[in-house]
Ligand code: PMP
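One chain comes next, on its own, written out as structure tokens in the form predicted on its own.
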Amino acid sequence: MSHPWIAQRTAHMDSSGIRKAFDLAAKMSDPVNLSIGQPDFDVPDPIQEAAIDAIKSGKNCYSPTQGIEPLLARLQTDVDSFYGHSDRRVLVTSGTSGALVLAALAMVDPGDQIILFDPYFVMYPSLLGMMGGICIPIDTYPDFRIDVSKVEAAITPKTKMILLNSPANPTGAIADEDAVRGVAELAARHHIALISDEIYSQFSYDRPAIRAAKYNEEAIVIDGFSKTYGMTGWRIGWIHGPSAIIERLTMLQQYTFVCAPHPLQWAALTALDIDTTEYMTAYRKRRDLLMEELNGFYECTEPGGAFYAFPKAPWGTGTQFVEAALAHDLLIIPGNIFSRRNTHFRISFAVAPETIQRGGEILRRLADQRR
């Protein structure tokens, strides 16, 4: 619905297909829900206890805008140890989405062109469009591999930024070292900002994810606690990059989010010492189970990370196929909310193995309908 008071910038947004799936799930009695983009394990007990302790000990007021000193110091030490860059600073944000919003506000002017990779996280085009940015998608179908030559060909005098997400939502693809290095060095050579969204960096099943800032000292890296520790509702993220950029983001945070939730920052400090190997091992097994369920029925590149797969619909458009799945009480996400194509759909395997098997049975029946 339109209203004369609503700003034109909001025309870049539509109700997310993911949100619509949540709304549908709430109305269904017993759906097989493979749409959820969050871990199905609860926040580990030591992290919960640290949050409770922080609340009970009075750490409930505003924190410093940039984050509490112990968490900042720990993150800064880890970043310095890993990269060894002379000018790299950290800011604690209100989730990784908050970090993305701050980066877009600080860096994107109307008419700026931003290169991203299709399929892409649903938030990217809407957020960048609200700032007046022009998204330039680089097609990565059918196997979701990045072709650096396509990126170079897309660069113009108006190119301001390249946005990289690996491991990726919605495909689970991990960019290989040649691709990450090529994009990072290309951005540096052309003096283009590189933002690397690494929220799924711990969810890498066959090999470690490659870090873009390893090859570009000015790369801006977004990370967070939500996925790795099951803290999606706690809204604690962080971003690091050149000090001049982080200083401006800190100023913007002061006038927008103010700070990340104070007591939960203390819990995040505890989280950094939690071993999540068992969770990652479980998700690797679920990835393998899902691929077994789809084998022989769907074209699907095996996801190397995150907890998503992005199969091609065996008939019809991605949207038509998702509608048929809904009629069978299966919740999946149409691929066109992540892409300029409408040929695929997203599955989340962040669910119990039994749910993956139930979903696989329905998906095989649906594929057989048009054979």
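Bear in mind that the values here come from a model prediction, so they are computed numbers and not experimental data. Just count from 1 along the sequence shown to find any residue number.
Keep in mind that the form predicted in complex with the named molecule is not shown, yet the notes after this line are about it.
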Please run the contact check for G241 against the named molecule in the predicted complex: heavy atoms, 4.5 angstroms, yes or no? no
Hey, in the predicted complex, is Y124 touching the named molecule, heavy atoms inside 4.5 Å? yes
I'd like to check something about S97: if you look in the predicted complex, is any of its heavy atoms closer than or equal to 4.5 Å to a heavy atom of the named molecule? yes
4.5 Å heavy atom contact, Q113 and the named molecule in the predicted complex: no
Mind checking whether each of K312, V322 and T343 has a heavy atom within 4.5 Å of the named molecule in the predicted complex? no
Among 283 to 291, 145 to 153, 222 to 230, 79 to 87, which stretch sits within 4.5 Å of the named molecule in the predicted complex, heavy atoms only? 222 to 230
Of K160, R74, R235, K214, which one comes within 4.5 Å of the named molecule in the predicted complex, counting heavy atoms only? R235
Could you check which residue among T140, N165, Q253, S201 gets a heavy atom within 4.5 Å of the named molecule in the predicted complex? N165
Using the arrangement in the predicted complex, list in sequence order the residues of 159 to 198 with any heavy atom within 4.5 angstroms of the named molecule. N165, N169, D197
